[in-house]
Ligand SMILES: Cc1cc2nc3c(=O)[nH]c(=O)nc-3n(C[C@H](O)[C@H](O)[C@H](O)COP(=O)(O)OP(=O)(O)OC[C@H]3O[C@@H](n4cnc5c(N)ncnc54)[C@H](O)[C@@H]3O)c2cc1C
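Coming up is one lone chain in C-alpha cells, specifically the form predicted alone.
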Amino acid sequence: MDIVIVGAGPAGVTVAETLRELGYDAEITMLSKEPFPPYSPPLMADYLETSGKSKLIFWKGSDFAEKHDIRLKTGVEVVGISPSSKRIHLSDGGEIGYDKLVIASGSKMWIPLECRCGEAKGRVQYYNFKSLSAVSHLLKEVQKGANKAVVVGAGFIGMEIAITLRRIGLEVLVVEMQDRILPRMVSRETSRYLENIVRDLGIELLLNSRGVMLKGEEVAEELLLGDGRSIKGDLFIAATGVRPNVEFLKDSGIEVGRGISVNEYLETNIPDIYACGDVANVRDIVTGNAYPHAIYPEAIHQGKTVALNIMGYRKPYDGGLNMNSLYHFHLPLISEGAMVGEVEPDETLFYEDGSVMRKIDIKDEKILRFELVGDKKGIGFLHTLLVKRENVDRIKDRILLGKYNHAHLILETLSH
C-alpha cells in the first residue's frame, strides 16, 4: 500500500513519522513545492533574526526523509487529483499513483492588495512571512541594506515579523485596517496593553488604515491607503491573513468549505483520502463551529490522528482548540479558546496589576476563552477547565487570580 502525502509541513511530517513509528514499512512519498527539507514555521522568526544561520528551522533534521525512508520530492507542485484513478498530477507534467492520500497542503497568505509594479526582473515585488522561501527572499533584501519595512496587517504573523525586523535594526511601520493590533487573537483590553509595549520597541502603528494598492517602477515602493495617503518604504510585507491551499482540488470531487470537509476520523468524503493541518475543516471543541485551526499544535495532533486511522486504529479526532502564544513582547502572552468576537460571553472576569493582566470570558458557566499577559500562573489548570468544559461558577473569582488547582476542584466536586 503506497501512501502519498501532499505537503511537508508539521502535519504531513507528523503523519509520515508516526506511520513509521507504528511499523508501516511500505512506500511513503511526500510532495513539497518548497525547495527545502521539512522545516518548522514557528522558527522562521529565529531563522530571519540569525541571518539564516540557525539550523533549528529544520526541526526534524535536514536528513529527515533519509532517516525515515521517505521519498521526498521538493520543488514540485500538485496541480490536480483524480480520485477515480487514484492519480496525482504534478506541475512538472508527471503523475503519481496512491493507495492512500493525505492532503496536508497547509495555507498561504491571502493578499487583498492590488499591485501596480513594473517588471521585477526576477526580484520579489513584495514579501510575506508564510514560507521559508518567502523569508529567504526577505532576508536577502535585508542583507542588501533595506532600512524601512512596512508591514500590512497586525495579526499574529504581522506582529511577529514586525518585532523581528525591528530587533535586527530596521525601521518598522505596521498598517492595520482595524482599530487595534491582534484583533482576532486577543481582546480590546489586551490589545491596548500590548500596543504600548510595541511602541516602546520603536515600532510605529498606523491603525484604522486600509492598504489598497502597492506601486513601484520594478518592485513595491509605496503603499496607497484607502484615504488617499501614501507610505514609502524599502520593503513591503503582506500579513493580511491566510487561506487553505485547496485550488488544486477543483474538479476532484473532494468537498471544500472554509477548508477541506472531514469527518471525526479526518477522512474526506472520498474513500482513502484524508486531510489534516491548516487545510482541514475541523470542529472547535469550545464553540462547535467548524473551520481550519491553522496552528502548530493542532497540525501535530491531527497528523498523529491521521496516521493512526490509516493503520486501522479508528481513532476519532476530539476537535480543535485555538491556542496562541507570543513571547516577543518581553513577557509571555497566551490566549486560548474561542476567537475574539466568535461568541458573545455572558460574563468577563478581568484582573490587572502592573505588568500582569488576566482576562477570562465565561459562557454558560464554562470558560469560553482566557488571556494571560505577563503571567502563566495556573495556565495548565485553566487549559484543563477549558478543554473539559467544566462548570467554573463556584471558582471563577479564584481562577482569575490563579489561586486554584486541580486538587481543589476534585474536593469541590466531592462535596456536592
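Here the structure is a predicted model, which means the values were calculated and not measured. Residue numbers run from 1 along the displayed sequence.
We do not show the form predicted in complex with the named molecule, though everything after this point is about it.
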* Structure fact -> None of 316, 297, 97, 112 but one has a heavy atom within 4.5 Å of the named molecule in the model of the complex; the exception is 297
* To do: With the named molecule left out of view, choose which of 160, 234, 267, 284 has a non-hydrogen atom within 4.5 angstroms of it in the model of the complex.
  => 160
* Taking the partner as it appears in the model of the complex, which of 240-248, 258-266, 171-179, 140-148 has residues with heavy atoms within 4.5 Å of the named molecule? -> 240-248
* To do: Look up in the model of the complex whether residue 104 has a non-hydrogen atom within 4.5 angstroms of the named molecule, and give yes or no.
  => yes
* Asked: So in the model of the complex, does any heavy atom of residue 360 sit within 4.5 Å of the named molecule?
  -> no
* Asked: Wondering, does residue 291 line up within 4.5 Å of the named molecule in the model of the complex on heavy atoms?
  -> no
* Asked: Do residue 301 and the named molecule share at least one heavy atom pair within 4.5 Å in the model of the complex?
  -> no
* Asked: If we check the named molecule in the model of the complex, which of the residues in 14-49 reach within 4.5 angstroms of it by a non-hydrogen atom?
  -> 31, 32, 33, 34, 39, 41, 42, 44
